[in-house]
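Below sits a lone chain in structure tokens, taken as the form predicted alone.
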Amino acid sequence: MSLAFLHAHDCSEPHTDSVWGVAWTATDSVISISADGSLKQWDSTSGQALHTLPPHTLGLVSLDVDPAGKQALYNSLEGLTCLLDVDSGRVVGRYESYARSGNDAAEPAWSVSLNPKGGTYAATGGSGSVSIHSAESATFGERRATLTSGRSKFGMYCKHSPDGTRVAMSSEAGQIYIFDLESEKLLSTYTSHAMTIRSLAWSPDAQLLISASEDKRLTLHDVRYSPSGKPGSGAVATFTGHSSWVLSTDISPDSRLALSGSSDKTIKVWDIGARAAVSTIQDTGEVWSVSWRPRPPQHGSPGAFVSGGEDGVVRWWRGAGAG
């Protein structure tokens, strides 16, 4: 089976440098961050800009949005973590993770993730651990816990499970660590790649986790966790077909399809059940970020997604049905 995805439209005012993160929100707007230091919010129907924050002096490298589409968490190259109120366009929390506070050693954040239950966010970076911080505006950034992987390899990406019970972190060495947030314990370690893992995505039911790596592959993991404490079976499938690093990934809201963006200048759509690519879309440069529309697609439609890449343009794509 093959699926056709049509280029719907582009954003009205491109970023002046690469787009390093995109998120399609539950309110149907799209938020993008760029190496030019700016964050922009877009109307998905027209591609017009709704809000643009004054650019940060350094690039923005990590972005996450809450399930309601009301808050966006982002992080800069040097580790300034900020919380944006999406409706007002105001920054309501700022934390300089690179500044030493009290007895805590400075731990500059690289990748950040909002807990979907609210109240906290996770961050990872050079030490290879995950730190949990307050996401409340009055105490924003205060450290609540540190979850250690036991390895000092750079933490490249972290992402909460959709139910807010776990957080996954990937490393520069190709490992994935999954932590339980309540007990603060390491639940599982998967060595699924030989090279850096750039991106992770959970399925909406929190049973599957997909990883995108510089080894040109994506790996699908069974990460179910039973009450008895028995972890899922780990890596269950590998998706191959990209000819260079896989930089970004996402799983569709109905869990049927996965997306990947690569430095081979293509986006691929994968049928998770069939373990096969069903669409390949040529872009103009490296595809640094991809995000599905969070609303489940209409019956018979494969859905829609947004991409951001090297040319600074945010692009919308929509499914044209099965071919």
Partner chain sequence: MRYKMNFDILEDDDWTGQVRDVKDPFDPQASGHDILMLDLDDDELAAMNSENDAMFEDLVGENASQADPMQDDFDQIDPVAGLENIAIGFFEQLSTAFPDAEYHSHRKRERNPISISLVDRTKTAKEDGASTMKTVSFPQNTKRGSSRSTAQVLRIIDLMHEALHEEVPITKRDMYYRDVSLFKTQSIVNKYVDDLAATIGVGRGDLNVRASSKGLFSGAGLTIHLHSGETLYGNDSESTLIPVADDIEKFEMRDGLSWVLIVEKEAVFQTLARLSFSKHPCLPGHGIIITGKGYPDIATRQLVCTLADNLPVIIPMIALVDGDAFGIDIMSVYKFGSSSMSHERETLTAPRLQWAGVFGSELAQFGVERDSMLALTKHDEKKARTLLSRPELPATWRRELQHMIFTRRKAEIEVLANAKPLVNDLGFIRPSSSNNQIVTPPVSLPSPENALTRYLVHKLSVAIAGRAAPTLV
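Positions refer to the first chain, counted from 1. Note that the structure is predicted; figures quoted are calculated from it, not measured.
Not pictured, yet referred to below: the form predicted together with its partner chain.
Heavy atoms within 4.5 Å of its partner chain in the predicted bound form belong, among the stretches 160-168, 204-212, 141-149, 77-85, to residues of 77-85. Out of the listed residues Trp270, Trp288, Trp292, Trp42, Trp288 is the one that sits within 4.5 Å of its partner chain in the predicted bound form by at least one heavy atom. Interface residue among Ser243, Ser137, Ser233, Thr238 relative to its partner chain in the predicted bound form, by the heavy atom within 4.5 Å criterion: Ser243. When its partner chain is considered in the predicted bound form, Leu58 lines it closely, a heavy atom lying within 4.5 Å.
Among heavy atoms of Val130, none comes within 4.5 Å of its partner chain in the predicted bound form. The shortest heavy atom separation between Pro108 and its partner chain in the predicted bound form is within 4.5 Å. Although the partner is absent here, Asp311 lies well away from its partner chain in the predicted bound form, with no heavy atom inside 4.5 Å. Heavy atoms closer than or equal to 4.5 Å to its partner chain in the predicted bound form belong, across 194-218, to the residues Met195, Arg198, Glu214, Lys216, ordered by sequence position.
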